[in-house]
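Take a look at this single chain, the form predicted on its own, given in structure tokens.
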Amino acid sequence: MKDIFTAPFVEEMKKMTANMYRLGWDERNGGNISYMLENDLVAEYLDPTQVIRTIPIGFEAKSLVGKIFIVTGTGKYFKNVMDDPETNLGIIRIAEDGCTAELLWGYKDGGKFTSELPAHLMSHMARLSVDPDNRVVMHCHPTYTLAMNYVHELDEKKFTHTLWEMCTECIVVFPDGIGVLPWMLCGTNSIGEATAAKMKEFRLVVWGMHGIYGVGKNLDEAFGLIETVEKAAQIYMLTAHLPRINTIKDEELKELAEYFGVKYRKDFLNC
């Protein structure tokens, strides 16, 4: 059996959480990540028959039975993952009943997965039904994206369109746009269900006055989506109070999307 501390998925999580904390996206214990792993790869590092304990997940996730995830812990600080991954991360498998997580490694202080796990798992189920290669759900509180929530209409078309105008790359990176939810109580199944419904259509979902959810085939892709939104939101916040002299026109956004061959939300343009 290989050393779990050298597993590529543990190393990836250590580096990603450290970087997100450094950027200020995950203050204190804010933010969470879940990453669906290949069962065969996990078996190289852990004995899948050795269950440390079981933890209720708070809803039924039948379509994820047998799936294994590495997940950040509740109340844990991203800045501490690098030095103590076994306390701040956990590897769980969804049990046969679909309502229980079997802990295979981690949470060594008796802790458990993030309180947002229902929202994560519901988003995983929604995305897997659209794209079976999507394996990562990432939630964080990027500063400029959050600031933009307070001064811009929380309308999916308008919010997306504004961000597309900020950087030439935006319509190419997230041509499917951004889903937007109003403020909702976090940590509940209700916000999880609302997020999952948006995830059928979008890979990015803004939680009004809270943060953002992004998904991807790997950690880099999910991070890159959020990173691009945050850069565009930063440019918006730096210029929104100034006279607009130049902008990327809708015809140019269309030209960009068609040149790069991406399937974009034509209804989010005004041409």
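For clarity, every value in this text was computed on a predicted model and none was experimentally measured. Each residue number is its position in the shown sequence, starting from 1.
Another form, the form predicted in complex with 1,3-dihydroxyacetonephosphate, is not on view; read the next lines as being about it.
**Student:** To verify the annotation, which of these, H210, K67, K231, K217, has a non-hydrogen atom within 4.5 Å of 1,3-dihydroxyacetonephosphate in the predicted complex?
**Tutor:** For this set of options, the contacting one is H210.
**Student:** Which residue, T100, T87, S115, T143, has a heavy atom that falls within 4.5 Å of 1,3-dihydroxyacetonephosphate in the predicted complex?
**Tutor:** The residue in contact is S115.
**Student:** With the cut-off set at 4.5 Å between non-hydrogen atoms, does N80 touch 1,3-dihydroxyacetonephosphate in the predicted complex?
**Tutor:** Heavy-atom contact with 1,3-dihydroxyacetonephosphate at 4.5 Å: absent for N80.
**Student:** Would you please decide whether G224 lies within 4.5 angstroms of 1,3-dihydroxyacetonephosphate in the predicted complex, comparing each non-hydrogen atom pair?
**Tutor:** Residue-level check for G224: no, no contact with 1,3-dihydroxyacetonephosphate.
**Student:** Would you check, heavy atoms only and a 4.5 Å threshold, whether N32 touches 1,3-dihydroxyacetonephosphate in the predicted complex?
**Tutor:** Taking the distances in the predicted complex, the answer for N32 is yes, it comes within 4.5 Å of 1,3-dihydroxyacetonephosphate.
**Student:** State yes or no: in the predicted complex, is some non-hydrogen atom of G75 no more than 4.5 angstroms from a non-hydrogen atom of 1,3-dihydroxyacetonephosphate?
**Tutor:** Contact check for G75: yes, within 4.5 Å of 1,3-dihydroxyacetonephosphate in the predicted complex.
**Student:** Tell me, please, which stretch of 54-62, 237-245, 38-46, 202-210 lies within 4.5 angstroms of 1,3-dihydroxyacetonephosphate in the predicted complex when heavy atoms are compared?
**Tutor:** Looking at the partner contacts, the answer comes out as 202-210.
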